[in-house]
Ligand SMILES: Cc1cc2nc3c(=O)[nH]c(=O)nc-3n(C[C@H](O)[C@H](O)[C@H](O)COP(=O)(O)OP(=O)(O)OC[C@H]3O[C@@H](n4cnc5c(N)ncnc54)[C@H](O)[C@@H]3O)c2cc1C
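We begin with a single chain expressed as structure tokens, specifically the form predicted on its own.
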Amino acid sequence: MTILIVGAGLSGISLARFLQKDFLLVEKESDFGGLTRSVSTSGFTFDYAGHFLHWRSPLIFSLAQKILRDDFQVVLRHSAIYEFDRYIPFPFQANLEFLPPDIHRICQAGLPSKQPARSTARSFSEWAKRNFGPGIFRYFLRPYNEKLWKINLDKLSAEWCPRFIPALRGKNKEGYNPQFIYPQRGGIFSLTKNLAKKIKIHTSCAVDKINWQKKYALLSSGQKIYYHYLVNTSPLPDFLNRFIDLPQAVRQAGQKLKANVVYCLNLGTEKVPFDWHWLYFPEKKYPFYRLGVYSNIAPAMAPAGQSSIYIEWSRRPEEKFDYRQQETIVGKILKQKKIIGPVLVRQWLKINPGYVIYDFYRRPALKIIEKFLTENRIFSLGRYGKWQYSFMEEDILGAKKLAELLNHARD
């Protein structure tokens, strides 16, 4: 029995680790890890934007302890919003007293008197106003999410919101990520690398074509691989484009799946003058939406007395991005605000796809695609395989659940 796994990122590697049957794990890139890779230069280490292991499951906590050993650490989140020329601790809605007095009054006056019942709001705009009031929507939730998603917020579905946006009251007041696991050395790739130990991964090996009717895949190496089960962890629209004679309804559904593109500037600088882990920038005068400091989480990510920083922009796929112009703008702004000092190292990364867009076409399209895949012994895993906004724990547990299913499947 052969299980063909497409993509050796976190989900593909996790599936391989939990499988007890024969598998072939292929990765088109020259190295494994996907977006949970890390890169090092001149003593600085950077990830592919911020990747932190937020956990709820004891299994994930124990697994991380086991594979990271001496590099294991639990970190209490220390993040803020930089707005009105001041640092407002995150979550915004729980720290209104840090706002300028007039803005504080507006946000406070608009708060709902009680937590709304299970919301039937369809759009993000409606959900945010109903749960937090017009003031918080105006000064944080709208400007920040317009920057991040690059879509009209009336056309953005609210289905992702309850899991990812901290509630105004109750047990989810601090959000899903008040603490996280992050390696002391080597960046997030230390986790992925140790998870992948003893797993055979065929790198520089892409799947070019898939014949779903005869159940074989053509690899870039020229091999024809017959499979019993096919598991995808690569971006779902790209995966569907490799199918021979894909049904028209499925192909059309795949074309409706959208995502933005994230541009990440990694900077090695003199030590930053604050200890925040990451900062959100909702105001329009800042072209980027987030800045994080790896070395404030794990000091070994930068040489002594220096900082390892990442800054993120979002764009629609059709939009042009001028790297030099944006780097010049961000340098001037952050130095003027005394957020960063002299730059010693710089490196750009392009993440495409970036964030999956939760528009109103996504869910109906996924239903069509998932039905076709399931009927043909094909599974799709992970953030991009399932075309969702997910966190690392969810991807690992999803891989474990599928592995258990396949381990008990008949040959």
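The numbering used is simple: start at 1 and walk along the sequence shown. The shown structure was predicted, so the numbers you read here are calculated from the model rather than taken from an experiment.
As for the form predicted together with the ligand, it is not shown, yet the points below apply to it.
Visitor: Does the ligand come within 4.5 Å of a heavy atom in each of 9, 35 and 206 in the predicted complex?
Guide: Yes, each of 9, 35 and 206 comes within 4.5 Å of the ligand in the predicted complex.
Visitor: Where, among 314-322, 234-242, 335-343, 93-101, do residues come within 4.5 Å of the ligand in the predicted complex by heavy atom distance?
Guide: The contacting stretch is 234-242.
Visitor: Within 4.5 Å, heavy atoms only, which of 52, 379, 46, 358 is in contact with the ligand in the predicted complex?
Guide: Only one listed residue qualifies here, and that residue is 52.
Visitor: With the partner left out here, check for me: in the predicted complex, does some heavy atom of residue 392 sit within 4.5 Å of the ligand?
Guide: Taking the distances in the predicted complex, the answer for residue 392 is yes, it comes within 4.5 Å of the ligand.
Visitor: Might residue 67 be said to contact the ligand in the predicted complex, defining contact as any heavy atom within 4.5 Å?
Guide: Close contact is absent here: in the predicted complex, residue 67 is far from the ligand, nothing within 4.5 Å, heavy atoms only.
Visitor: Spell out, yes or no, whether the shortest heavy atom distance between residue 29 and the ligand in the predicted complex is within 4.5 Å.
Guide: Yes, residue 29 is a contact residue.
Visitor: In the predicted complex, is there a heavy atom of the ligand that lies within 4.5 Å of any heavy atom of residue 383, even though the partner is absent here?
Guide: Yes, residue 383 sits close enough to the ligand in the predicted complex that at least one of its heavy atoms falls within 4.5 Å.
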